[in-house]
Ligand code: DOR
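A lone chain, given as structure tokens: the form predicted on its own.
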Amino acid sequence: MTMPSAIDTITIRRPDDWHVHLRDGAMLAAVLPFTAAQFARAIIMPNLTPPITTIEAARAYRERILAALPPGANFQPLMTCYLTDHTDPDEIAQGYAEGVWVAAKLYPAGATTNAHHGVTDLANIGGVLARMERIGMHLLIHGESTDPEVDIFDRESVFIERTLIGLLRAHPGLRIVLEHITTEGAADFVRAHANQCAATITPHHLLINRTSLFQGGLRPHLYCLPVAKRERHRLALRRAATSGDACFFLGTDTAPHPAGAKEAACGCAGCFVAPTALACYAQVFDEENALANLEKFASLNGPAWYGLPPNEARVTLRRATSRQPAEIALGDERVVIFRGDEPLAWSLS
């Protein structure tokens, strides 16, 4: 890691978040303001209970999000369809043509939170993928193998080897986002296939490695899927994110859970990073002497990939200590914030 730069202020186009879990109900109301305060648009994950698998469900969820926005907020939710073994290609195409959703999400069945309705075999959605390829609709992938024989730290690399390579060959016109990458191999793969494949990178995977989960004891609020990997992978992700390469862009994968569900005997995967996201990204780019590339990663590469215009509004980040609370209230529960109650070197003006 290099020393921080001498730059104290940076103004960039308002960023977008290309991977967000907002949940629903009381949780939605509690966490949405943090995303809307920083980002103009966000790709909304569809793994609710039940998942968002139909046009009608996507429209209704979007209306609930808009209704939960704080007064005066300028924020656009970009909806996605949850793919199952029984997804209808006509439903996919109609929802895309009507602008209801911008992409479809592939969860290998059982790969992560609320993924048990996911796809058990790509052969089951061959018609869906062919239709998406034809109409230019993006496929977002949680890229992990669910083979129980595969070590959890190898699930991403095995998915790329066993599944993703074949998928790209079978559908050369399909535009794919490999979400929340965690390994050097994934970054290299995306860079080598940048004409067809892009990747989002989270703030927490740039700041923690797998040792962080056990420092001073078990740290359940740092547990996410894909799980953080070795230090060499964290450093490779930092090089990828700060490179300016168009195939890498911001996706926080903010994934809130009640603290009781995280601190349980079988805790949930996910980090609530929305409140500290931009400050954490700025810290990483600062430490890598790459603040000049922050706008590409946060504000330009994502819109270019999705064929959308970058935001006209600007935001300013300053080198000034800021601090978020350790947690937010959720009724009788609480949600713990990633890097909450810690001094952050950057703040959003």
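Throughout, we count residues from 1 along the sequence that is shown. Keep in mind it's a predicted model, so treat the numbers as computed, not measured.
Another form exists, predicted together with this ligand; not displayed. Remarks below refer to it.
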Contact stretch among 240 to 248, 264 to 272, 191 to 199, 70 to 78 - heavy atom within 4.5 Å of this ligand in the predicted complex: 264 to 272
Heavy atom distance at most 4.5 Å to this ligand in the predicted complex, all of Thr53, Thr87 and His117: no
Partner contact for Thr112 in the predicted complex: this ligand, 4.5 angstroms, heavy atom: yes
Touches this ligand in the predicted complex: Cys224 (any heavy atom, 4.5 Å): yes
4.5 angstroms heavy atom contact with this ligand in the predicted complex for Ser299: no
Heavy atom of Val177 within 4.5 Å of this ligand in the predicted complex: no
Among the candidates His257, His233, Arg155, His138, the residue which, in the predicted complex, approaches this ligand to within 4.5 Å (heavy atoms): His257
Interface residues of 11 to 47 toward this ligand, as seen in the predicted complex [heavy atoms, 4.5 Å]: His21, Arg23, Asn47
